[in-house]
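Presented below, as structure tokens, is a lone chain in the form predicted alone.
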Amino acid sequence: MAADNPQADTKSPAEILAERLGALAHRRFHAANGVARVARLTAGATQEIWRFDLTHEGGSDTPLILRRTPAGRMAAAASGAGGGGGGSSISLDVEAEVLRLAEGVHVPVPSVKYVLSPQDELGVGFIMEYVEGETLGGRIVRDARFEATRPKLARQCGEILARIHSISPGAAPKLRHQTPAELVAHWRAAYDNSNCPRPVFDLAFAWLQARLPPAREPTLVHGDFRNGNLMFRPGEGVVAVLDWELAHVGDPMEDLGWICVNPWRFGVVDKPVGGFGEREDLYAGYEAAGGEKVDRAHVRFWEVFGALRWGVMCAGMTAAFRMGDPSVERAVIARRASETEVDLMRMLAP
């Protein structure tokens, strides 16, 4: 192949991807004549995110996003770095299905335009609508642009979660079903495998085990619904819910607890909902939009679980750092396990 095309070896991965996207545009998108301005974005912890413009005759371009497995590997998504849902990501083709289900109940999500097939030679992934907005949590909680918008965000998040939880589990048969007991057991095993005893974590696991909530009607759960995975615009609030790779079927209160965990407040600790709002506004929005009546003690279980889950994830970064990935990011996240111990002691204090 190299002899037939001596320039093939000199092309960068980005150039190869752009060529294949261009071929896909001709095959799959009506009236498109190619692509332009293909660029990889920094967003996306476990998947590649590429922005490109679909070009048309006459000069009108349509911005789109490609979300795919790293380097376009032809495999299901690997274990998720973001936690949640038992710690394993769903495959990107299933994620595309979930996004379409969410759009069907009026959850603000990027519309899926096309799911990749093997003949596209782009790996596993999908192409979706490009949405303009802000996702950096620190800016959401502090930037003056969002000052007038922040007071309504907690209620808006509650309303959106109620719509997500209205999706029948039967509509998403490929998602895992996970009970509170199974999730606690999963993270207990992950903690035990770290071989690094932390008395505060042991205390928190015992607290959770003694307070497992009763069985309830399961729903679709986002699994990582928090500030940082939501896109906002000043004046409008939430314009897109992102990163559905940890979606599963389980207890809907898990989502309400996770958005209140301290790391997702980005330093504004007196605003428990994402650093921008109050729990009561979150619950009121949830109930008003059709969600079940919120049991505060039940949600508190999931807040403690979320803090512990994040702590176990942080502690696990130590092993990854020592076993071949000595990156600054790994080290910084690993040291945050001690912050979680402080959070848990405050939460579990009588």
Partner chain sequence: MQDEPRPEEILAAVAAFLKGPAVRESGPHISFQLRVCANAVEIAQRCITLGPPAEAEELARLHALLLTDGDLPTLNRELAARIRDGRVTLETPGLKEHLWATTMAKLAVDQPNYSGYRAALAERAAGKEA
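Predicted model only: the values in this text are computed from it and were never measured. Positions refer to the first chain, counted from 1.
Not on display, but discussed next: the form predicted together with the partner chain.
Every residue of the trio Pro199, Ala206 and Val332 has some heavy atom no more than 4.5 Å from the partner chain in the predicted complex.
For the chain shown alone, Asn195 is a contact residue for the partner chain in the predicted complex, at least one non-hydrogen atom being within 4.5 angstroms. Interface membership of Glu339, defined by any non-hydrogen atom within 4.5 Å of the partner chain in the predicted complex, is confirmed. Although the partner is absent from this view, Tyr191 contacts the partner chain in the predicted complex, with a non-hydrogen atom inside 4.5 angstroms. Although the partner is absent from this view, Gln178 stays clear of the partner chain in the predicted complex, with no non-hydrogen atom inside 4.5 angstroms.
Note that among 131-139, 255-263, 230-238, 109-117, the stretch whose heavy atoms approach the partner chain to within 4.5 Å in the predicted complex is 255-263. Proximity to the partner chain in the predicted complex, defined as a heavy atom within 4.5 Å, holds among Ala185, Ala148, Ala171, Val269 only for Val269.
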